[in-house]
Ligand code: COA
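Heads up, the chain below is alone and in the form predicted on its own; it's given as structure tokens.
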Amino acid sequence: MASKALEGVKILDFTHVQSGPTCTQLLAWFGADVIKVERPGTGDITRGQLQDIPKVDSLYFTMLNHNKRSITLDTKNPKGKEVLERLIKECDVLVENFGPGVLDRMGFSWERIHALNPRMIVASIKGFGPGPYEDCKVYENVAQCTGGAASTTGFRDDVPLVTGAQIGDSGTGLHLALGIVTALYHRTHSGEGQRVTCAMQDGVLNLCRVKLRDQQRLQHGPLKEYSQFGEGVPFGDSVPRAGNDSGGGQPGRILKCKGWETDPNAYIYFITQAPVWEPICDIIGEPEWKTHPDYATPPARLPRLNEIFARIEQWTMTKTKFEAMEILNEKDIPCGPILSMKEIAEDESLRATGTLVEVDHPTRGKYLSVGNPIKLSGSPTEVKRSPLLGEHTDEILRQVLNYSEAEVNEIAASGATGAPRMAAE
């Protein structure tokens, strides 16, 4: 039987919304026991946000909290604080994405946690690192703007744009997961826990490194692979927005395909990579371009990219995006259809690999979710449904913290885990 890669690791999950839950869900997929601590009565705020079905957990919550257990705990209640201290002593990692200073105000500073459990790893997501903005609250689009993504996304003469990919929230959560696993490995030979911190601004900037590369290149002359160079438009002092140009130095564009007039996603991304220039010329019906001095070399093509892509688009408009991809792939020409979310949701190959999974939930029924994007040959991922609010409270108190039946009843009666309930007579 295959083992879980992180089996035996206990995660105390104080995260909410998206960035933190992305991190802890990934660890749960790898087999960690993730204990999600939630406020009695309300829980993670996303349980009730963007609901498509009344009075059930939203997809926003369910798709970010698979494979976890939920305990409700009032950390201001003396008994609740006692339970939390016991959880800290028992668990390996505490993950939080509270606003700046919240954990300290709860009475659980790094120093206090380290004193309770020297082996514990405390992992945090913040909006900014130390500096003038460290006390500012940050959300997805703020992170994209402050991390350099928005200023370099969009078309040259238009406003900056954020991307639909959640590079601020989910991207930072993925960074934090790597930091946690690294700290766990370090603990195997040091015996000590440590702090792991990821700032959302830093995570976005890490994903925008090619634009920081271009900022430095710009000091030594124009960026020749950008369309504006071929158009003779001068560069300013910072990296411009470049539309759908490729960031890898190979000219690329999104081109119309057959049916574009009625289908907003009938497009293909096409890269005119130099090693396959000759097959491109043959496919689009311009064989003379293979040797013509105006088209035969990449430097010669640079000032003519608009003309070249216009000619390629004449060809792509005669094919569906899938027909074009099949023809181009036979010649190893880099390309990719613009897949809509509907097309992705219906892709059987993604279901077969576990990248898309159908999950059954006790109150909302079946729904489609993203599965683990990281595949381990010896530790396959089983995606389990998200927990109901407080579903595992008594189970965690008994099985993880080893409270007796009388102690569990005492905790419940105190209101530490929700509305006070009387012990059974």
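As the structure is a computational prediction, the values presented were derived from the model and not from experiment. Numbers for residues come from their place in the sequence shown, where the first is 1.
Another form, the form predicted together with the ligand, is not on view; read the next lines as being about it.
- Contact with the ligand in the model of the complex, judged by any heavy atom within 4.5 Å, is made by just one of Met200, Ala149, Val95, Cys257: Met200.
- For the options Asp214, Asp74, Asp245, Glu313, the one in contact with the ligand in the model of the complex, meaning a heavy atom within 4.5 Å, is Asp74.
- Although the partner is absent from the chain shown here, Gly99, Gly127 and Tyr139 each have a heavy atom within 4.5 Å of the ligand in the model of the complex.
- Interface membership of Arg105, defined by any non-hydrogen atom within 4.5 Å of the ligand in the model of the complex, is confirmed.
- Of the heavy atoms in Glu38, some are within 4.5 Å of the ligand in the model of the complex.
- Mapping the unseen interface onto this chain, Val17 counts among the residues with a heavy atom inside 4.5 Å of the ligand in the model of the complex.
- Stretch-level contact analysis of 288-296, 175-183, 131-139, 221-229 against the ligand in the model of the complex, using heavy atoms and a 4.5 Å limit, identifies 131-139.
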